[in-house]
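This document starts with one chain, in the form predicted on its own, laid out as structure tokens.
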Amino acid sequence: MPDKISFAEGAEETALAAMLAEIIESNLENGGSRVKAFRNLRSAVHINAADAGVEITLEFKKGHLTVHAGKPLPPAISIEAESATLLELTNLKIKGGLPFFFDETGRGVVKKLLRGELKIKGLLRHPLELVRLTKVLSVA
């Protein structure tokens, strides 16, 4: 089955959903380890941009992504932060197949996690899925 991204009813109208789908699609077109990570993702990821009042769910099923508005299914991973912080996550570099936290962007993300400005539920229960998600979303 070819890699595919689709939108559930009403999701396409959400700017955050459209932007993340565009980033993922662009990363898939570039090929490499991001495609492998995308094909191995099998989770629902809830993303809440608290400042904008926008919630979406990314439902990954081995090479297919359905973007939903809101939280229609129970997520394995839930991410809550302000919109700017969510954008920072897409700028995390990947080195050696893992997110790199030793540059300015990476240290900023860690600081926000420690301060509670970025909340990631499922971080400890689904670390491999979170690494795959980071690869798929990273534009750096």
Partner chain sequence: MAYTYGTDEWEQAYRELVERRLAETEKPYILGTPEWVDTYEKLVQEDAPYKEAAKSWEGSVVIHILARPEYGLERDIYMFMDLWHGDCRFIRLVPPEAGEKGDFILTGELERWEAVMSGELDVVKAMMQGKIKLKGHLPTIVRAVKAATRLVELAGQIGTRYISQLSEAEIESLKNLLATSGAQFGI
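Positions refer to the first chain, counted from 1. All of these numbers come straight from a predicted model, not from anything done at the bench.
Unshown form predicted in complex with the partner chain; subsequent notes refer to it.
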Contact between L16 and the partner chain in the predicted bound form at 4.5 Å, heavy atoms? yes
Touches the partner chain in the predicted bound form: S33 (any heavy atom, 4.5 Å): no
May I ask you to state whether I23 is within 4.5 Å of the partner chain in the predicted bound form, using heavy atom distances? yes
State yes or no: in the predicted bound form, is some non-hydrogen atom of L65 no more than 4.5 angstroms from a non-hydrogen atom of the partner chain? no
Could you tell me which of 94-102, 46-54, 71-79, 111-119 sits within 4.5 Å of the partner chain in the predicted bound form, going by non-hydrogen atoms? 46-54
By the heavy atom within 4.5 Å rule, which residue out of L86, L58, L41, L28 makes contact with the partner chain in the predicted bound form? L86
